[in-house]
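Just the one chain here, the form predicted on its own, laid out as structure tokens.
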């Protein structure tokens, strides 16, 4: 089955610099620094990345950070809890925009 998102393309991510190596190098250097141990552990950063992957609905990132989270010692419950955090934030962001709708409706019906 052909889909827009071919899982095999994830392995090609490193080739993204083929058309613009200078900018790709800057991105990958920065990306590496972001995920290095810091105030947060690499494991915590992996769970954050997994959650964000779901919020932005990136299938490549979901695959990559599911593997990465497991490799860094996260268990299934922790990973699912991270996904629920992302879902709660995403759902809350939609609902809070309901205030805009309420403001508009009240303005139009007054």
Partner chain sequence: MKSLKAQHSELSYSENQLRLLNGVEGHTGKFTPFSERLKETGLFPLRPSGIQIFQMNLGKMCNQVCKHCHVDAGPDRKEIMTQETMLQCLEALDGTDVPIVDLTGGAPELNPNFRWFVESLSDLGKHIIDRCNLTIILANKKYHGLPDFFAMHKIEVVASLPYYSKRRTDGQRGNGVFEKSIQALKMLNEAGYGKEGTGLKLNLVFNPSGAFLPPDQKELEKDFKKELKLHFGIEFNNLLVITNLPISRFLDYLIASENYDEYMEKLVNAYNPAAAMNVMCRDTISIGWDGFLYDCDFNQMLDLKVENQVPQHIQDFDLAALNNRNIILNQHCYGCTAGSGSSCGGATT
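Positions refer to the first chain, counted from 1. Being a predicted model, the structure only gives us computed values, none of them experimental.
The same protein has a further form, the form predicted in complex with the partner chain, not shown here; the description that follows concerns it.
The partner chain is not shown here, and in the model of the complex it never comes within 4.5 Å of any heavy atom of residue 62. Taking the partner from the other structure, the partner chain in the model of the complex has no heavy atom within 4.5 Å of any heavy atom of residue 49.
In the model of the complex, the partner chain sits within 4.5 Å of a heavy atom belonging to residue 11.
Looking at residue 73, you'd find a heavy atom of it within 4.5 angstroms of the partner chain in the model of the complex.
Only one of 40, 85, 55, 67 comes within 4.5 Å of the partner chain in the model of the complex through a heavy atom, and that residue is 67. In the model of the complex, no residue of 83-103 lies within 4.5 Å of the partner chain by any heavy atom.
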